[in-house]
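In structure tokens, one chain follows: the form predicted on its own.
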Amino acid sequence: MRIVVLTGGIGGARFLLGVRAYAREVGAEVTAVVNVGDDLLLHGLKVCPDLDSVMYTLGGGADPERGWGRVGETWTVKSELAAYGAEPAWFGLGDKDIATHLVRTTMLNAGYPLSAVTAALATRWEPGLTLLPATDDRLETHVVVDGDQGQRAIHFQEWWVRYRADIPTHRFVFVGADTAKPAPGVLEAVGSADVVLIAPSNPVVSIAPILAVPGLRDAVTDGPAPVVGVSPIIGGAPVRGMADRCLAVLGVECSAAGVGGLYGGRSAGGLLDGWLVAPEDEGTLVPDASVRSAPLRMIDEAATAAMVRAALELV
């Protein structure tokens, strides 16, 4: 069996722990196609938050308490930058994390594409699956907000980290998506998959940027593999993060039904053949998609693997 997972964010990284555990049980191959819309340049370094969250989580190096960054992290460089008054002060890089960004930036500057750099970095962390960025090209999620002199666009990370998504917001823009191409191996993985899973990631800023890469959404919807999504909303609230604020910008209800409707049933032009929701949301309907309920709290790897098994049983 070949499983492809569209994923991003901390929830997506933790979901992959369960996918990997299930795959080991049944001898399946897993490819994770990861969001790059959060990527940014900071102090001259290329930072890829979602790729790193997946890599650290699967490699056992993620901080389990914060849910992001490295375990046992130190912050000497951040403190020194603050002493110089170097901006941006609202986004800090840990000392261990900086080593990853230095290696990545050096390789990118030498001409290697992001997919090749990601594969090289993964040799240290041994994630146990194939890790692919959605694209090697620049694709950044920007957010159009109110400014002092009318509307302005800021990087998603500034909206998310600096402002905590708590400013008047109009829309999300995926800068570079119109000219981006799927990274090598992405279309091949989707085309040969036996099933495509949509992780319980933020549908607006983790999954949508992946699908914005030209050719990728069509590969998913037109391909032979069934598509099953796992709801990131339980009982009307996000499992973690601020998906509710992102959905509000789109005018979408923060519910399992709202996100399921946003993705849409596949036979009606949407994505989903199946939609897995929490027991709290049993009775959710998504036109033209099968819906089932199962526990969705990723309390440990075994519970997450059980989620994956329930998702696959839908198809």
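One rule holds for the numbers: they count along the sequence shown, beginning at 1. All of these numbers come straight from a predicted model, not from anything done at the bench.
Only in words, not in the display: the form predicted in complex with a small molecule, which the text now covers.
J.: Using heavy atoms and a 4.5 Å limit, would one call I10 a contact residue for the small molecule in the predicted complex?
T.: Contact check for I10: yes, within 4.5 Å of the small molecule in the predicted complex.
J.: Any of the heavy atoms of L93 lying within 4.5 Å of the small molecule in the predicted complex?
T.: So L93 counts as contacting the small molecule.
J.: Report whether the minimum heavy atom distance between Y263 and the small molecule in the predicted complex is within 4.5 Å.
T.: Looking in the predicted complex, residue contacts with the small molecule do not include Y263, since no heavy atom lies within 4.5 Å.
J.: With the partner left out of view, is Q157 within 4.5 angstroms of the small molecule in the predicted complex by any non-hydrogen atom?
T.: Yes - in the predicted complex, heavy atoms of Q157 and the small molecule come within 4.5 Å of each other.
J.: Contact check in the predicted complex: D50, W68 and V161 versus the small molecule, with a cutoff of 4.5 Å between any heavy atoms. Do all three pass?
T.: Yes: D50, W68 and V161 each sit within 4.5 Å of the small molecule in the predicted complex.
J.: Counting only heavy atoms and a 4.5 Å cutoff, which of 280-288, 264-272, 22-30, 42-50 contacts the small molecule in the predicted complex?
T.: Among the candidates, contact is made by 42-50.
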